[in-house]
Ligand SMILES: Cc1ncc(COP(=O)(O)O)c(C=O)c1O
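Single chain ahead, written as structure tokens, the form predicted on its own.
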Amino acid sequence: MFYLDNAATTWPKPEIVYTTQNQSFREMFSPKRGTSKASRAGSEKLMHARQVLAGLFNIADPLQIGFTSGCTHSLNFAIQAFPWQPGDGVVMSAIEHHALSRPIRKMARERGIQFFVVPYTDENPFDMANFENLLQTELSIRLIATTHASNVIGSVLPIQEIGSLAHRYGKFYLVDVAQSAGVLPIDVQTFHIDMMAVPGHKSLYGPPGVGAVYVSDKVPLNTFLEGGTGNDSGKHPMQSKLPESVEVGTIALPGILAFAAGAQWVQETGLDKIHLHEKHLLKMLLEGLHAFPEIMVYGHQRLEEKTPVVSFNIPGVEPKELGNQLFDTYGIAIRAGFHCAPMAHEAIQTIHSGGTVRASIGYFTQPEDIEALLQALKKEIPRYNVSCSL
């Protein structure tokens, strides 16, 4: 198999991730509960996992990190636990994933908040002038919530500038780093990030079913889920403070420790080294696709402002049809469709054509994976009777 679906889930994982999950599943008991040696060791390793992520993202206090079932869970917590009042406003980009946009739309339906969308163009994925105008004119806005990078076209938003402007106007800033954690440097202090949702299974090379949320102590969140936390068990009210407010029930310690092992592997390997490898392959992929006049590639092509994610189509060809053909005939695993991001497809005008075919690169992607895709497309294009005029 030629694997080019890393924006969904990276594969394979570093060996330390597999061994950590296996060992902790065999040896660790649930942390924060029990007096056994294994349970106490689990609590110590849980704190170490927080420290690994705190170091990666320059988070001052590891206890400002809570572990969740994934980035979607983290975003729902941050958005639905925010202390909304009817008429409050929130700003998001025009290329958001469902994991961010759906909870916001739910808050609009159920709690009467207003949401504003900053316009997109290929050359300017987040219009800062429009954003500042919103902050100046819509005084109800309390929260800014954006992705760091698009899961459809890889465009990177200027989150440092967004966060700086948000803070200048006294707003909170929530960032979805699903596509950027482990790919780009992220510093919650420098970028003025108040809340951040982190996946485990993408470019931090952890397992699925685990993620994390960072919340600054300046954000007055309510609770989202309620239940036992292993702390304050003798009290009826639930704490609204991290990490207890998000680590409800028996948490998935083996997955969390494997997640931390992946994040530590990224730190030890080095973001610069990872970025250089992925950028080289991204350049190879873009140049190869542009050599086909029959193929439409979406979004801007500036390598330094793009994660290794590329969406393309053969005009007139259903993306899922092409995607299935690429795997069934050539063993190339890609993604086709709307990628759970109809806002992005509306922005790039592919919402009525079935979305796009998406190829995405990871650290373990090799040049032969890119070459396999390009050679397969060279064979497939003539089958669809498309011409350069398309």
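The structure presented is a predicted model; accordingly, all values stated were derived computationally and were not measured. Residue numbers run from 1 along the displayed sequence.
The same protein also exists as the form predicted in complex with this ligand; that form is not shown, yet it is the one meant from here on.
The contact residue chosen from 145, 215, 99, 157 relative to this ligand in the predicted complex is 99, the criterion being a non-hydrogen atom within 4.5 angstroms. In terms of contact with this ligand in the predicted complex, the residue from 178, 251, 257, 242 that brings a heavy atom within 4.5 Å is 178. At the 4.5 Å threshold, heavy atoms of residue 166 stay clear of this ligand in the predicted complex, well away from it. Heavy atoms of residue 72 reach within 4.5 Å of this ligand in the predicted complex, making it an interface residue.
This ligand is not drawn, but in the predicted complex it has a heavy atom within 4.5 Å of residue 201. In the predicted complex, at least one heavy atom of residue 151 sits within 4.5 Å of a heavy atom of this ligand. Of the stretches 201 to 209, 311 to 319, 121 to 129, 233 to 241, only 201 to 209 has residues with a heavy atom within 4.5 Å of this ligand in the predicted complex.
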